[in-house]
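In the form predicted alone, a lone chain appears below as structure tokens.
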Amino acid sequence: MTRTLVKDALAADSPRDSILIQGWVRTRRDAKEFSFLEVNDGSCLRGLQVIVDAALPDYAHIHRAATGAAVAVRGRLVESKGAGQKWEVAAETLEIVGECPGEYPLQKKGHTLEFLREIAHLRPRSNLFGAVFRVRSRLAYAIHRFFQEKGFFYIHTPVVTASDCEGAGEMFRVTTLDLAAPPRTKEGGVDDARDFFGKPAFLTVSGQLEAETFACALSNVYTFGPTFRAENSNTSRHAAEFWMIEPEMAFCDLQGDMDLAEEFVKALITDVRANCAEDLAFFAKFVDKELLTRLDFVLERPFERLPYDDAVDLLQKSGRKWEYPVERGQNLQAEHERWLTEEHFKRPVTVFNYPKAIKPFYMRANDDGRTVAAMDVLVPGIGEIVGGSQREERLDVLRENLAAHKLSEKDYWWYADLRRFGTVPHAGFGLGFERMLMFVSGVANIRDVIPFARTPGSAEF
């Protein structure tokens, strides 16, 4: 008999004489003549009620159907006589596929998020994390759908790289050298030439630079993959391993970049609102009561566009006492970004034309000599969710930028070549996948939207 997923059984439009349900027991309630099981297989938030009659031969094993046990139930899908569900299964056979002892940690009671992080191998079976990772899956699909329908090509950029895209130096070294006794040069330093790649190599912080090479051949491309930052940060918004979506577009300027970023954010929210309604309703009830209002807030309002200088002026004149004082020439902090979106404009805000001094080498210099064609999309509740720019396509200016950031043109020879051979204006942005998932779920800690979080001092599972 073919297995039926719980979500499909719950969505049935008529009874069935024969059905096979396989999943895990959430609860069991015993009465004198029968037992009620709630069985969930992860396909949706709700479980399916199963009635096991005491007259069945399998009933002798009902005590083994404890919370967490894996079961296979064959029976009939019938209309439920109880409130709260349309269908239930009248069991004809009950097989205990995998028993679960009493010390199973996910009993029917409240658990803290901190505790659930300690059992990350089991937490997807909980309501909250089942919902989070179903939405994560749908969001990934929506990302590919958005770009594919716009004619973008999906590019796989390298995970191991010798280039530091952001220039911050917060990269994980990849090496096969014997760390206890590395080979030495005549001068006594580590001989990097004898490492696997013949030079220092690292886990990527971004696929942007490589994606630019493909945009300058295929016009519109995007990457979607893991990135790594060796930043010793223990905030609720940072992780050492996370996923990024990075489109790059040839023959595109900053305005086109902002247009696409805003359309992209709205498209993802629209897709999740349409296809994850049950899970979003759960988040709105138990995680963030303002979630649905905030999502609709973003969908229904045009994004405000605001130069960085104007944003600083508004913040300085706000009369607000900030934890981090607002200073021209410095990056905006989350509290500043949220004030702009939630209190002042009451809509999403795209801030653009940032000071050149605080931005990476690849951003296009504006004619004022002081700012670059960079932009950040800010949304309520989170702050920055997208960061991007028009890229510097002029070879002479790129060389100046590399020198100003103390980067060797020799290390970026291939990147400079793009400016020598048929250079074009081009632009792109990066959206943190987990940041977006936090926004659409209301979950406040990045550790709770990643299957197995990698943070300073922690690489469990």
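Bear in mind that the values here come from a model prediction, so they are computed numbers and not experimental data. So that there is no doubt, residue numbering starts at 1 and follows the sequence shown.
One more form of this protein should be noted, the form predicted together with a small molecule, which is absent from this view; the next part is about it.
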Problem set entry | 4.5 angstroms heavy atom contact with the small molecule in the model of the complex for residue 246 | yes
Problem set entry | 4.5 angstroms heavy atom contact with the small molecule in the model of the complex for residue 387 | yes
Problem set entry | Partner contact for residue 288 in the model of the complex: the small molecule, 4.5 angstroms, heavy atom | no
Exercise. Is residue 150 close to the small molecule in the model of the complex, meaning a heavy atom pair under 4.5 Å apart or at it?
Worked result: no
For this session: Using a 4.5 Å heavy atom cut-off, indicate which stretch of 137-145, 204-212, 269-277, 102-110 touches the small molecule in the model of the complex.
Result: 204-212
Problem set entry | 264, 380 and 440 all contacting the small molecule in the model of the complex, non-hydrogen atom within 4.5 Å | no
Exercise. Which residue among 192, 342, 231, 92 has a heavy atom within 4.5 angstroms of the small molecule in the model of the complex?
Worked result: 231
Exercise. What is the one choice in 356, 301, 74, 237 with a heavy atom within 4.5 Å of the small molecule in the model of the complex?
Worked result: 237
